[in-house]
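As structure tokens, one chain now follows by itself in the form predicted alone.
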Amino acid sequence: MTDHIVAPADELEEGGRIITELNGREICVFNIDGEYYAYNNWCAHQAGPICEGNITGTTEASFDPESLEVSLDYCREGEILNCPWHGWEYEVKSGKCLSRQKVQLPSYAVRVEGEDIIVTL
């Protein structure tokens, strides 16, 4: 395991991201609510550049068996990373795919040490 300095922490604002190359891999670091998350820039679907996608919410459905009505609600704004190629959705804080239970973005340990963001590969 090797530590890599990605950037000074003050260069990555809340809600922002930095995509960089470390050891031949594109790695993205997100700053979400002051916490840092690092993932491969690789979608499990067709290897699209997941980290270049928008951070949005998602639509959840519910079904009322008594009325037989289905309702759709837009929720979780700012928590979902969308692949720009085909729209696969992942939780930005965990890397878990919303549509496939066993799919998760490859992630890396990330921390701030001194003034720098450090990713461990």
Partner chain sequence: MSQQAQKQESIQDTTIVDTDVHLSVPAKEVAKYTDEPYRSHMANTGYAPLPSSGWDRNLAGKIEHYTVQSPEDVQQRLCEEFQIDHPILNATSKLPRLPQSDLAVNLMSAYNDLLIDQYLDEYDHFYGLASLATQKPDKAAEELDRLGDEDQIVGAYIATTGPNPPLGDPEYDILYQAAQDNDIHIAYHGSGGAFMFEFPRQNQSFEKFIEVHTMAHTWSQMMTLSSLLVHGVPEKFPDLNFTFLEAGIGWIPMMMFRLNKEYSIRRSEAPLLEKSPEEYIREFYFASQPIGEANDPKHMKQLIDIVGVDSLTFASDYPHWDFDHPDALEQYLSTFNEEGRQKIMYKNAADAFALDL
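Since the model is a prediction, treat every value here as computed from it, not as a measurement. Here, rigid core means the biggest group of C-alpha atoms that superpose within 1.5 Å across both forms. Positions refer to the first chain, counted from 1.
In what follows, reference is made to the form predicted in complex with the partner chain, a form of this protein that is not presented.
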| property | result |
| --- | --- |
| S67 within 4.5 Å of the partner chain in the predicted complex, heavy atoms | no |
| The partner chain contact at G78 in the predicted complex, heavy atom, 4.5 Å | no |
| Contact test in the predicted complex: N31 vs the partner chain, heavy atoms, 4.5 Å | no |
| Touches the partner chain in the predicted complex: G95 (any heavy atom, 4.5 Å) | no |
| Contacts with the partner chain in the predicted complex - residues in 43-61 whose heavy atoms fall within 4.5 Å | H45, Q46, A47, G48, P49, N54, T56, G57, T58 |
| Flag for A47, CA shift 2 Å or larger between the shown form and the other one after aligning core | no |
